[in-house]
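Starting off, we have a lone chain in the form predicted alone, written out as structure tokens.
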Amino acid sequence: MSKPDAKAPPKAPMARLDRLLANLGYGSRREVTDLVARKQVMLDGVVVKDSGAKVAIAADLPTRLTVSGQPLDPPAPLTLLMHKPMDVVCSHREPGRSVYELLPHRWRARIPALSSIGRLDKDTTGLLLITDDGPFLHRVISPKSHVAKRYVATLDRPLRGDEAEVFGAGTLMLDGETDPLASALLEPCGPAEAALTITEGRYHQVRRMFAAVGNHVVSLHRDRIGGLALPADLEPGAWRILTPQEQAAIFA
């Protein structure tokens, strides 16, 4: 008896070229049609003549399709790993320079829009994930996923010695709140420096936790989300596309 054929890989979804490029921020569909008319779009080295032509959204498309001589931007879903620098915000609406200004300008017009997975405040640096993948975003931030985040805090005063016990008890109440914090892990790194791993994401949580034990955070840096560490070679302000292996490491 012959063995059944192996299951065929799923077919890549198809999209109209003008809609794809418009959703990637290359311009309105009218402007994309003009790009095609000016012979600025090529597929496999051949000029595309029909802006309404359908293309397969396969993993290799950015290596096959060029716009104005440059490789196509990565289609959705896209997740970026960024080393957030000081003095930039993570919100589209908050005043001040934002992390989105560190990305190519047209990416701000992408549909679906890119959003940060959780936020780091203006004065906090470190590992930040930015994505247009809604299900992935919600999986990372869902309490059911138990994705921990580690921060390294430099403090105004030396540790007093009981912080690990206080933070780990699961009974600490923050000012103005009615529910105690979940247990958190504190690891001293020096007289006035500590790594704190938390599983929640309350407003300014780490700073407020240290304030609750009579200290003040001078600087704060996130170096890990789940099993994913901030790459040592990624400079502040730099970013790159998150690999599937790194994405899986978050939940390891």
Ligand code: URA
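Quantities reported herein were computed from a predicted structural model and do not represent experimental measurements. Numbering starts at 1 and runs along the sequence shown.
From this point on, the text means the form predicted in complex with uracil (URA), which you will not see here.
- For the options Glu94, Asp156, Asp121, Asp162, the one in contact with uracil (URA) in the predicted bound form, meaning a heavy atom within 4.5 Å, is Asp121.
- Checking Lys54, Arg64, His216, His204 against uracil (URA) in the predicted bound form, a heavy atom within 4.5 Å turns up for just one residue: His204.
- Residue contact check for Phe167: none of its heavy atoms lie within 4.5 Å of uracil (URA) in the predicted bound form.
- Although the partner is absent here, Ala212 is not a contact residue: none of its heavy atoms lies within 4.5 angstroms of uracil (URA) in the predicted bound form.
- Using a 4.5 Å cutoff between non-hydrogen atoms, Val36 does not count as a contact of uracil (URA) in the predicted bound form.
- When uracil (URA) is considered in the predicted bound form, Val48 lies well away from it, no heavy atom lying within 4.5 Å.
- Stretch-level contact check against uracil (URA) in the predicted bound form with heavy atoms at 4.5 Å: of 100-108, 171-179, 113-121, 128-136, the positive one is 113-121.
- Residues of 218-240 that come within 4.5 Å of uracil (URA) in the predicted bound form, judged by any heavy atom, reduce to Leu220 alone.
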